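As structure tokens, one chain now follows by itself in the form predicted on its own.
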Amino acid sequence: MAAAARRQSYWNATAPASGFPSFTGDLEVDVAIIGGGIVGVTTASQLKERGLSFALLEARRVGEEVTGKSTAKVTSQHNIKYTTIERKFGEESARHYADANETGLRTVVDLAGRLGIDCSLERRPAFTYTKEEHHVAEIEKEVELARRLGLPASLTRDTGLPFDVLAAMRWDDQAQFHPTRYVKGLAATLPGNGGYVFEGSRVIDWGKDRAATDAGSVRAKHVVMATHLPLGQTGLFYAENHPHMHPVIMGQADPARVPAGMHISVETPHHSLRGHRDENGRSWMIFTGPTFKHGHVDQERQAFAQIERFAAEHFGVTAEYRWTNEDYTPMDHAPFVGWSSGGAGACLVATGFDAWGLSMGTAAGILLADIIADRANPWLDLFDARRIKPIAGAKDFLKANAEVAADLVGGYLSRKPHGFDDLRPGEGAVLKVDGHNVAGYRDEGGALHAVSAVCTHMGCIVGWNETDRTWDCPCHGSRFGLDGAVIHGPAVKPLAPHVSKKDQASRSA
């Protein structure tokens, strides 16, 4: 990994710092919103327009987690999605999926313009392409259905890419933007008249009418979990969504080699790319490629190597920023938005966007606000978060995830390093120390950082993320810092500090 590449999201590195206060004390509002990404902030914006009071509680910094690590395409074109939705739910449901995402797109464009949010928003066509013969019919079928649904789709081979394709679909009038600037800019319009935004305020306990941090509690009529995956055991959504990671790179590009549109391949490994022009007029390109398992270093390295070769070979781009982002694929391929359960203690949730969380996340915010305001919304039946009974599929899903975790641990423990002394500067690994699974990292200065490798969500074993230098859970996607602090859930408790037998003995002496 080249030393010149920054281990940080370009979007977060080039966004202004937000300065919302941390929450303390007690507060009563109509709605408590947990999470300050695009779903949480959009929900708050919609509630403000409806005259409802709210408190948004972000554990870290607004807009800088999953939203601020995306490729930042705002589009209703989601690869080969509509034929999948139509096959599983019917054409009318596919029409609702189309309307939700086109509405999400229009809402982003409207809010950015109306509120004067400086987020480099540009209207661009979106392309899905293939270089393989067996995918041509899929593209043709997707375009045919999309046109019936009223989407701006057409069949083409003219993509602007520097290589030939056999077929592509083009969606006109889509958009791209700077996601962190957009979310921070929208969040800045929220405080006042019953609206509150708090950062550095991690929710550690909750119910249908409250959200509590270690510094106070918000009482509310409704609680919204806008946390990528709902926290803890809420709704058992970890049994209905499969987590996976993406490598993301960004580097400066020759303007003459930057395609005018946004692109993604049908075939796997997917290649997703687009251009960006910064405030100084410099051209950049962002790429993401093959998915990999959380905490699987070999897969992570292979994924980055593959997308970096693609960027260099076809566009002459070298990575100046590298980071990873995670997504969740829902079991039946439609997002879950709405009540977490049919019980009295239900929260409102939004999850399972399958890497299309900017248009769909915005639509989810609209739908959540409609549910809270008791407004009818035709999208609800398709996205109803209660549509799958978790227990029915949970056993096999959890068994598979346990096998994944066991394989990862076995792989780590069968390879060097075997102990703390074997860790080189800049290296992290899961080790067996004093009979315990320990997540160990030695920084460039030689200092050792060691915490329990047991995820606090459901006891799976975390793995090392070499790019972001985090501990990631392969079972349900929780992520932790080097000190064990939760980056985001579903876990809410940090990884426990590792205490050696020697330290235990000295403390008990």
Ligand SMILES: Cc1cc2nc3c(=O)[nH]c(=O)nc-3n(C[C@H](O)[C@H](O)[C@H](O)COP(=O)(O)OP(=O)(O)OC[C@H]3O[C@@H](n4cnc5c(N)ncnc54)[C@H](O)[C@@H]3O)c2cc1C
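Numbering starts at 1 and runs along the sequence shown. A quick note: this is a predicted structure, and the numbers were derived from the prediction, not measured.
Another form, the form predicted in complex with the ligand, is not on view; read the next lines as being about it.
Listed stretches are 219 to 227, 189 to 197, 370 to 378, 331 to 339; the contact stretch with the ligand in the model of the complex is 219 to 227, by a heavy atom cutoff of 4.5 Å. Listed residues A72, A168, A100, I366 were compared with the ligand in the model of the complex; A72 is the one with a heavy atom within 4.5 Å. The ligand is not shown here, and in the model of the complex it never comes within 4.5 Å of any heavy atom of A44. At least one heavy atom of S201 is located within 4.5 Å of the ligand in the model of the complex. Taking non-hydrogen atoms only, A485 never approaches the ligand to within 4.5 angstroms in the model of the complex. In the model of the complex, no heavy atom of G428 sits within 4.5 Å of the ligand.
Scanning 178 to 194 for heavy atoms within 4.5 Å of the ligand in the model of the complex gives no residues at all.
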